[in-house]
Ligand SMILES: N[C@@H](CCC(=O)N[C@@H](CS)C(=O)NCC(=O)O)C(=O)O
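A lone chain, given as structure tokens: the form predicted alone.
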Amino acid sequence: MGLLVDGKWQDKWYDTSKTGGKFEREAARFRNWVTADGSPGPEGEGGFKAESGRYHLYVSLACPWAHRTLIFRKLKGLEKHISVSVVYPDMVENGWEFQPDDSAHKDDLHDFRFMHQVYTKAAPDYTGRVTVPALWDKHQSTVASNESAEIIRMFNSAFDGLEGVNKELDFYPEALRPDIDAVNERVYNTVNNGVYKAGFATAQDQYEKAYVELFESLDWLEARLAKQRYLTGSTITEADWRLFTTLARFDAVYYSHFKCNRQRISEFPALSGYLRELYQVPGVADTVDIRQIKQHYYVSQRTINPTQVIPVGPQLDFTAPHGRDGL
């Protein structure tokens, strides 16, 4: 784990001494938008047109933020239009790495050894964390975006004019946007990022605050999903996929490794059925790799797990009947 400072790699863990033991996530630095015609999006600069073969996606199968983008790439039918490279699950002294001799974890675009080389190719004096996902633009030789929430919205609609893309599938329909945005805000702050706030806290009060907020939100989600099939009603939206990637990791990692141990997702009737239903959407299971997820967290985060021993359990079965059809 580390960061770049003026383009130079430094092996540094998060410094919580300045925030009273509270974990604060760094904002994404590349915020351009890919659009259908290359016009500017809500942030950044224009000139990023949605074209087949132009963009390359860097991801980790372990990272929940990157996982979102893989799901959208899969479900929208973007695989033949946007190529992908997957980093190795261990993120230690050199951050995210590639394995040149391993076809599953090779940088197929630049043949780099480290993910931080991708960032310095885009910005030689870059300062900040080196994160995935990162969407590389081959035409401008830069990272178009490294903000997962915005990448999935680009994938949702910007490429709809390309051959084979499922333009009928809209995870951010206009009529539901206020509800989606409201759910996203709470889920991001208290669940998606909330597990990290608990796990990376270095002060008891900050850990307990994050813990309480996390389970208050999980209780709220459980009650909501007991009455309706998905977070905003009867159709799957981006809000569901943003929650899914955290739920899929919860029992295997966050419950024990991040001390989020009031109860497992498997002990929430509605949430556990909902998790299984989303996992069983055709194509989604291909994006879930529990082995790499566990390896990443337990090996990479040595301040939390200094032995780097990976637990064998728990037993997970996302393929069992979900029982959500009647909602």
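Worth saying up front: this structure is predicted, and the values here are computed from it rather than measured. Residues carry their position along the shown sequence, with the first being 1.
We do not show the form predicted in complex with this ligand, though everything after this point is about it.
- None of 230-238, 89-97, 163-171, 103-111 except one has non-hydrogen atoms within 4.5 angstroms of this ligand in the predicted bound form; the exception is 89-97.
- Only one of Phe215, Tyr255, Tyr196, Tyr126 lies close to this ligand in the predicted bound form, with a heavy atom inside 4.5 Å, and it is Tyr196.
- The contact with this ligand in the predicted bound form, taken as any heavy atom within 4.5 Å, belongs to Cys63 out of Val34, Cys63, Cys260, Leu70.
- A residue is said to contact a partner when one of its heavy atoms sits within 4.5 Å of a partner heavy atom; Val132 meets this definition for this ligand in the predicted bound form.
- At the 4.5 Å threshold, heavy atoms of Phe318 stay clear of this ligand in the predicted bound form, well away from it.
- Residue contact check for Thr246: none of its heavy atoms lie within 4.5 Å of this ligand in the predicted bound form.
- Asn146 belongs to the set of residues with a heavy atom inside 4.5 Å of this ligand in the predicted bound form.
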